[in-house]
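Heads up, the chain below is alone and in the form predicted alone; it's given as structure tokens.
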Amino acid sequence: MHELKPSMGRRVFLGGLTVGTVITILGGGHYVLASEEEEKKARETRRADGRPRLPPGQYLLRNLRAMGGTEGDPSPGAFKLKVHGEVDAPFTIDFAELLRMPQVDQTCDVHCVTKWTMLDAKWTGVRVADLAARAKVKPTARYVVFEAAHGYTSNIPLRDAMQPNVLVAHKLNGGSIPRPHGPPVRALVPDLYFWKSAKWLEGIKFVSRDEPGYWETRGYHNHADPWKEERYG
């Protein structure tokens, strides 16, 4: 096994490694590095919007990397999601009620600001747009704030939150979300860097004025588009 330093570029790191090499990321966890051929194919493949599937500056892993954070309560029985703010019909639902809402199965790629990407992660959840419709979002709303355990927040524009691939997710690859990845429910915003997809989700707040979140107030980019490499503000 090999230890991957966050600052090390793929071209330097790959020297002497073989396809499928298992690497140990600093901070714990074993991950399998994709081959250069897989990476080249992803970089050459185009999405429906014309952008390369693999954003610039990213390398491929074959499984989702745990990124830390202060854990919330992983129990579905304790879960409550508060939908509030600039809405006419605020509400709070539990896990069972979330499962009674229309469910979406979605396969998408995940891009982390620390420069790794995983392709074809399979998620199940409820569209944020469906929750917004139930809450009757006011015309004054312009942004969405994901509220997570221990006061963690992340912010995205309303137009991004209403995209059909933005979910409140409760399954990953056919099973419950594993503990390091924010169970029982996390946000999923696949077209922005993954820190925007808040783990251990507790609330969705619609606001008229932007409210930069935990990482945004610590120097990270407010929007976080991987194809523009919006890593830092």
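Here the structure is a predicted model, which is why all the values come from computation and not from measurement. When you see a residue number, it is the position in the sequence shown, counting from 1.
Separately, the form predicted in complex with a small molecule exists; it is not shown, and the next lines address it.
Looking at the partner-bound form in the predicted complex, is residue 152 within 4.5 Å of the small molecule by any heavy atom?
Judged by the heavy-atom cut-off of 4.5 Å, residue 152 is in contact with the small molecule in the predicted complex.
Does residue 68 reach the small molecule in the predicted complex, with heavy atoms at most 4.5 Å apart?
Contact check for residue 68: yes, within 4.5 Å of the small molecule in the predicted complex.
Does the small molecule come within 4.5 Å of any heavy atom of residue 197 in the predicted complex?
Yes, residue 197 lies within 4.5 Å of the small molecule in the predicted complex.
Even though the partner isn't displayed, in the predicted complex is residue 116 close enough to the small molecule, meaning a heavy atom within 4.5 Å?
Yes, contact at 4.5 Å.
Check for me whether the small molecule, as it appears in the predicted complex, comes within 4.5 angstroms of all of 132, 161 and 223 - heavy atoms only.
The answer is no; none of 132, 161 and 223 reaches the small molecule.
Name the stretch: of 100 to 108, 81 to 89, 68 to 76, 133 to 141, exactly one has residues whose heavy atoms fall within 4.5 Å of the small molecule in the predicted complex.
It is 68 to 76 that comes within 4.5 Å of the partner.
Give me the residue from 93, 145, 121, 112 that has a heavy atom within 4.5 Å of the small molecule in the predicted complex.
Comparing distances to the small molecule in the predicted complex, the residue within 4.5 Å is 112.
Find the only residue in 207, 42, 192, 64 having a heavy atom within 4.5 Å of the small molecule in the predicted complex.
Residue within 4.5 Å of the partner: 64.
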